[in-house]
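One chain is shown next in structure tokens, namely the form predicted on its own.
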Amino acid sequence: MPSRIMLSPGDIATLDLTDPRTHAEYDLSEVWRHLRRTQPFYWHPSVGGAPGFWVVSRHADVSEIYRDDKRFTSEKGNVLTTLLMGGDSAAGMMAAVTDGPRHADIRKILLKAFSPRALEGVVDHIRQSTRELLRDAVAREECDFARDVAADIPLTAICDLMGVPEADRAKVLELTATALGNDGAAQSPVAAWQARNDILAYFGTLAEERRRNPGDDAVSVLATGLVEGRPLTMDEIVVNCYSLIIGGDETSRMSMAGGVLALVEHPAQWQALKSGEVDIATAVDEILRWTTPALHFGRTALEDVPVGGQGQVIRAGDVVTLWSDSANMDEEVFDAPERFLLGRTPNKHLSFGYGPHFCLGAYLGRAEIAAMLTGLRELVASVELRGDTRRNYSNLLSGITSLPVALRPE
């Protein structure tokens, strides 16, 4: 795919952030820089009859609203698609779109499956399977890194975490990819809707089985968990399974493929990785900042909130979108944010969100990227592009869906 077209501040008047093509085919760096400097709270006009919405672009403002669940709620949706449709049917059931005590209770149950101690076996398997995938890719000489390596690592991890049988895993990957976006401009809303329903139905069946025969996986934790002495309903279990599989698979896959492309495009950073000059954990965070796989999240205002120091007021009921894609490039927070630097520290990126809804899977996501980088450092001498890359078409997920490369053995 050719390089994305750079948009200028003059294009803001016609900018449509709801359109997947905007993010896949255009580079918004200059637009974001201009908005951070001149309109950090920008009102995005209505498109196609949907409501207009606020666009928040500065790191400080994005962080503040992420943290503030008193004046801004997730319960009317937390991404553009649901926010502009008027709400999320999973509100009050799925942790990601639930606030207050109920959110804390569901999150507490899920933390039993996501603590570093609970994840020891999953992380060990990630390291082993990642090395095997890389060895296979090196032996083949050429591969599509996005599909052959990056797709398998997080899927294996999240399926291990959730106890998804091996025979079902390829189908689960296919469904998650269809549910959240694809690598072509002509997305089918009907196909995405059907995929989401199929995922819900699949985990409904799995949860019923785990309720009868629980193990130590995340589905079992949800199926046997209690809130105020009562078990979660089947709807609550299923929507949280959906959230875990979508969040755990897609975002890590995008980060890993985008990270490898960045290493190809920045040979000095590849050498820094290979030589051991940079710490793996530090490199992981720079890949997360640089790729920012989840472009935005959103909230709905619960009351009138003055913002921006220019007399602007977010009105109760307004949709507010928080663009981590911009915040992670904020010059007020990051030195030379336009440079990809594996040794960057501190690195206060917002790729896992912030505040009460900070990503439950952050530890697991970091472990996946760390396993990939460690494997590349130890097994691969060089990475060379062998064809055109292809980007994801989505207004939520940003990343590479096809990355043909040649991996030379160490």
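Treat the numbers as computed from the prediction; the structure is a model and nothing was measured. One rule holds for the numbers: they count along the sequence shown, beginning at 1.
The same protein also exists as the form predicted together with ligand HEM; that form is not shown, yet it is the one meant from here on.
Would G258 sit within 4.5 Å of ligand HEM in the predicted complex, counting heavy atoms only? So G258 does not count as contacting ligand HEM.
Does at least one non-hydrogen atom of W43 fall within 4.5 angstroms of ligand HEM in the predicted complex? W43: no, not in contact with ligand HEM in the predicted complex.
Given that ligand HEM is not shown alongside this chain, does V62 nevertheless sit within 4.5 Å of it in the predicted complex, heavy atom to heavy atom? No, V62 is distant from the partner.
Any chance R344 has a heavy atom within 4.5 Å of ligand HEM in the predicted complex? So R344 does not count as contacting ligand HEM.
Work out which of K76, K274, R107, R147 lies within 4.5 Å of ligand HEM in the predicted complex, going by heavy atoms. Only one listed residue qualifies here, and that residue is R107.
Of T178, T81, S243, S220, the one that lies within 4.5 Å of ligand HEM in the predicted complex (heavy atoms): Exactly one residue meets the criterion: S243.
Which of 379 to 387, 32 to 40, 351 to 359, 51 to 59 sits within 4.5 Å of ligand HEM in the predicted complex, heavy atom basis: Going by heavy atoms within 4.5 Å, the stretch is 351 to 359.
Select from 219 to 257 the residues with a non-hydrogen atom within 4.5 Å of ligand HEM in the predicted complex and write them out in sequence order. Going through 219 to 257 in order - heavy atoms within 4.5 Å of ligand HEM in the predicted complex - the hits are S243, L244, G247, G248, T251, S252, S255.
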